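Take a look at this single chain in structure tokens; it is the form predicted alone.
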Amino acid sequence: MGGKVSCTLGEVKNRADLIIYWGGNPAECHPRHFTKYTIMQKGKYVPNGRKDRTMVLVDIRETPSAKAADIFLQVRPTKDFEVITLLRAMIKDQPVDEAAVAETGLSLEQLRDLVARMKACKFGVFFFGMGLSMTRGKHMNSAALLTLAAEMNAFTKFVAMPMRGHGNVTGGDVILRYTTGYPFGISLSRGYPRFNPGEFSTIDLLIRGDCDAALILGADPGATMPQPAIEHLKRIPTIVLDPKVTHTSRLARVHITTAATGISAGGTVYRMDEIPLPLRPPLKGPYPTDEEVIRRIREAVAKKADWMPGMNGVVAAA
């Protein structure tokens, strides 16, 4: 079998019989996920819905989602990468150190049971959240889980999908991926894309103080980012494009009110499984769209002289 690990939520609904949530709390953060796409839905190959499915929750604490799980695995904080590495070894029948297993907060029997269920399922899926991707290890944790899903395709069909937080986060990744070849953590400061998470990621740039200005579009980092990153946003000229007042707009020097996407502004948004959804706004509003504002900014910047000799009109961005 191949190593392709992406799929649509429709495939999950119709085929998945083993669903593993890792580092997420869908009962509170994605309340429709259970009922519309995963454990409760009846599908073509799982006609009995919940009875045909096994749900596993992996997290550092027992959340409301644990009540819906058949199996709850409580991992010690910051030990996700070690658990995934142990699973990768065990699916290949490689020996593992029991002392290393004990450090994760799980038992060898628990891991063996999970491996057996993963190999026995017909269609398995990992849904991973910020508890995995934004704790120690960050993108390395996500890469390890994606690798585990790819390696599981030697035994059965397995896929992985991030549990996105805010609306159209996937859209940003999709656009960057087909325009630069990379999904995030990209620097364009040399006139071509360079990918290096941990160096060019937004939080890292802000905490190090590498940027001296910021343009925030369709996001509210002031509500979610670490305090050192927020403090740097306060110190530098920060410009926010948003339909409403947010934590970030309160600390920004400029807040441009724009039309609300899907209400008074059209466009395309992407679901967390990368399905594009065209939006047709039902109302007309007095505010410009994000696209109009960005276009006008670009036109104004293009009229200015190059900030450095030899740039030939190239605008550098980090």
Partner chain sequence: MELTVTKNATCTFCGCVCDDIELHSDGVRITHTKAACVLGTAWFKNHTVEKLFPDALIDGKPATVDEAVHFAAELLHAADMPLLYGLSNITCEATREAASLAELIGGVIDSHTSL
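Positions refer to the first chain, counted from 1. So that the term is clear: the rigid core is the largest set of C-alpha atoms that superpose within 1.5 Å between two forms. What you see is a predicted model, and the numbers here were worked out from it, not measured in a lab.
Although not depicted, the form predicted in complex with its partner chain is the subject of the following passage.
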query	finding
Distance check, D210 to its partner chain in the predicted bound form, heavy atom within 4.5 Å	yes
Close approach of R50 to its partner chain in the predicted bound form, 4.5 Å, heavy atom	no
Touches its partner chain in the predicted bound form: T78 (any heavy atom, 4.5 Å)	no
Touches its partner chain in the predicted bound form: Q74 (any heavy atom, 4.5 Å)	no
Contact at I239, T261 and R271 by its partner chain in the predicted bound form, all three, heavy atom at most 4.5 Å	yes
Candidate from I60, A68, V56, I256 lying within 4.5 Å of its partner chain in the predicted bound form - any heavy atom	I256
Within 4.5 Å of its partner chain in the predicted bound form: residues from 205-227 (heavy atom criterion)	L205, L206, D210, C211, D212, A213, A214, L215, I216, L217, G218, A219, P221, M225
Threshold 2 Å Cα movement between the shown form and the other one for D290, core superposed	yes
Is_shifted P221 between the shown form and the other one (CA, 2 Å cut-off, rigid core)	yes
Post core alignment: G105 C-alpha displaced by 2 Å or more between the shown form and the other one	no
Cα-Cα shift for P281 and T35, closer or farther in the predicted bound form, minimum 3 Å	closer
